[in-house]
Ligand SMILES: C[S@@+](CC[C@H](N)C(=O)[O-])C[C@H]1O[C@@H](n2cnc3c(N)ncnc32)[C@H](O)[C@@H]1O
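First comes one chain, alone, set out as structure tokens in the form predicted on its own.
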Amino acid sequence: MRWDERYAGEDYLFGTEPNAFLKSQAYRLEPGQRALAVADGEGRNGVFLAETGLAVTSIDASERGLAKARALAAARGVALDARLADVINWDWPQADFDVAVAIFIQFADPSMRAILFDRMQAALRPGGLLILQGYRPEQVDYGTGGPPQRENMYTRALLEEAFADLDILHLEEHDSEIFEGSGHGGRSALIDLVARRSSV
């Protein structure tokens, strides 16, 4: 399995600190909320959510990544419900989470992405938040992280259409320097989204 190979080293491929955009949105989170960390890899973002007082389910297709996520949670003294899951074939809960977090899930091609986006929305409770960061197509030219497929990247129009049923609270395109382990580093073409499911 490709991700088991990528996570095989002792180091954490994307580091152990949370994604900077996710960290900047912590003020929207409340202790006791239920959070879903999608394709959470080695757990840096799921563990951060747990540290903020959330009850976190972290899913990933890599057993190696999950083992490292559990080790990171133990080292930080927090609980993490880390589950082995193929995001397409996983039995997604419905209206069960207050927060769904998806950071750089651009392994998903357009057909997989459509399914994944729909299931993330459906997993949110009324009033639940979706927090997402990804790369824009220009990222392929930077070559500082992510896959080389432009079609896997996000644009403002794509996200506005995909999440048209949600209330978009924040949507920003920007080029920024990021430093996330050896996996992501340098000038990057990013897009950030925070959206809320209707409370009715």
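Residue indices: 1-based, along the sequence shown. All values derive from a computational prediction rather than experimental measurement.
The following text describes the form predicted in complex with this ligand, which does not appear among the structures shown.
Of the candidate stretches 162 to 170, 148 to 156, 49 to 57, 33 to 41, only 33 to 41 has residues whose heavy atoms lie within 4.5 Å of this ligand in the model of the complex. In the model of the complex, this ligand lies farther than 4.5 Å from every heavy atom of L129. Shown alone here, V78 lies farther than 4.5 Å from this ligand in the model of the complex, counting heavy atoms only. In the model of the complex, at least one heavy atom of D86 sits within 4.5 Å of a heavy atom of this ligand. Using a 4.5 angstroms threshold between heavy atoms, F107 counts as touching this ligand in the model of the complex. Applying a 4.5 Å heavy atom cutoff to this ligand in the model of the complex picks out Y7, F14 from 5 to 37, in order along the sequence.
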